[in-house]
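Listed next as structure tokens is one chain, alone, in the form predicted alone.
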Amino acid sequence: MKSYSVSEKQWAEILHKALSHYGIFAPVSKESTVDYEEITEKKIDQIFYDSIKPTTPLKAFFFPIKENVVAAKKQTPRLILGVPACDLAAIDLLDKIFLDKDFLDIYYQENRENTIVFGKDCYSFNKSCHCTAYGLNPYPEKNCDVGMSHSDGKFFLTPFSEKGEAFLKEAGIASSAREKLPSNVEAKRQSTTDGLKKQNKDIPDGKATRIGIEKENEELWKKYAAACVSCGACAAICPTCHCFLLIDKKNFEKIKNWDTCQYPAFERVAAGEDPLKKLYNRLKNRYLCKFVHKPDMFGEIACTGCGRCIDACIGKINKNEIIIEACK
């Protein structure tokens, strides 16, 4: 695919102008973390384009932690910059769930349509990153409006959608000549991909993982569940987890609120029956959901290898260690 190139200074000027029409969210570095923040004119120079991945997954913009689903909303169009490929891949599943014509979530739909997504290249990775284990590459290939590559003081912008092309035209970028990505960008992409594949060579792919976790192996799940505190961080930070509650409030408000199968009583029903009462059953169910139930229902595994669940786990449970052991 061909791209447009702009200097860092030109891109900053484009963002300054865009602030009059769009809300802009982008990764900003804070101490030891990088996460999305709403960008003001003063923060444009603080955007961190070369981060591995923001702490917050992209899903939080389309499927917020809490959302009033009966109140009228007026939204400003948004630009979201710096979205890694692992989060972009998660959109395949989320769209199938929330945009199903028979069960359409109009709030998710509105959030999607109101947003221009800029995917980004990853030129480095940490120990928990394992997108290549599931056939993904660490750079934008789908589900974004514009792909961004950054090298030698320039941005290379690749439109993936009509919405992305329209923004670039509006910004005056699309009037310049299209060109192939430079060889140094391609080389950095390949280097990251090769490094990830080497790091994750022992992690089973989705099909092998399914076979492993479907085995009757109660002792395995008890072993790892011994460190679990049912905090739900793994689901909250996951780009594909999508369970929620609808909570009735006074004045006829109805709030959609994230939920997770790792919470006690998640599946408790009338008379107190709870098929996931035991913690090790809840832990196994999380993996069955990702590698068995979701592929059966939607044709997608519900893991993109972002590694956030490993990073966030209070009990230091390593998802990849579980899968490798389950597949032996």
Partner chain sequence: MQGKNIYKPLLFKLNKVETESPLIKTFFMTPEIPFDFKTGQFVEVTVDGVGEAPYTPSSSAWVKDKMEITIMKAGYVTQKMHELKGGKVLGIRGPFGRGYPLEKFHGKDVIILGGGVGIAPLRCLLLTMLQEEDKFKKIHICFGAKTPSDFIYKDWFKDLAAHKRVELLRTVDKADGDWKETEGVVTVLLDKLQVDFKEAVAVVCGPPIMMKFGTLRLLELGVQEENVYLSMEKNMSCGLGKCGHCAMGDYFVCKDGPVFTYNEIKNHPNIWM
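As the structure is a computational prediction, the values presented were derived from the model and not from experiment. Positions refer to the first chain, counted from 1.
A second form of this protein, the form predicted in complex with the partner chain, is not displayed here; the remarks below concern that form.
Please identify the residue among 223, 78, 127, 254 with any heavy atom within 4.5 Å of the partner chain in the predicted bound form.
Only one listed residue qualifies here, and that residue is 254.
Looking at 158-166, 201-209, 175-183, 238-246, which one sits within 4.5 Å of the partner chain in the predicted bound form if you count heavy atoms only?
Heavy atoms within 4.5 Å of the partner chain in the predicted bound form occur in 238-246.
Is there a heavy atom of residue 259 lying 4.5 Å or less from a heavy atom of the partner chain in the predicted bound form?
Residue-level check for residue 259: yes, a contact with the partner chain.
At the 4.5 Å heavy atom threshold, is residue 38 in contact with the partner chain in the predicted bound form?
Output for residue 38 is no: heavy atoms all beyond 4.5 Å of the partner chain.
Does the 4.5 Å heavy atom contact test between residue 274 and the partner chain in the predicted bound form come out positive?
Output for residue 274 is yes: heavy atoms within 4.5 Å of the partner chain.
So in the predicted bound form, does any heavy atom of residue 298 sit within 4.5 Å of the partner chain?
Taking the distances in the predicted bound form, the answer for residue 298 is yes, it comes within 4.5 Å of the partner chain.
Which residues from 92-130 come close to the partner chain in the predicted bound form, meaning a heavy atom within 4.5 Å?
Contacting residues: 97, 98, 100, 102, 103, 104, 105, 106, 107, 110.
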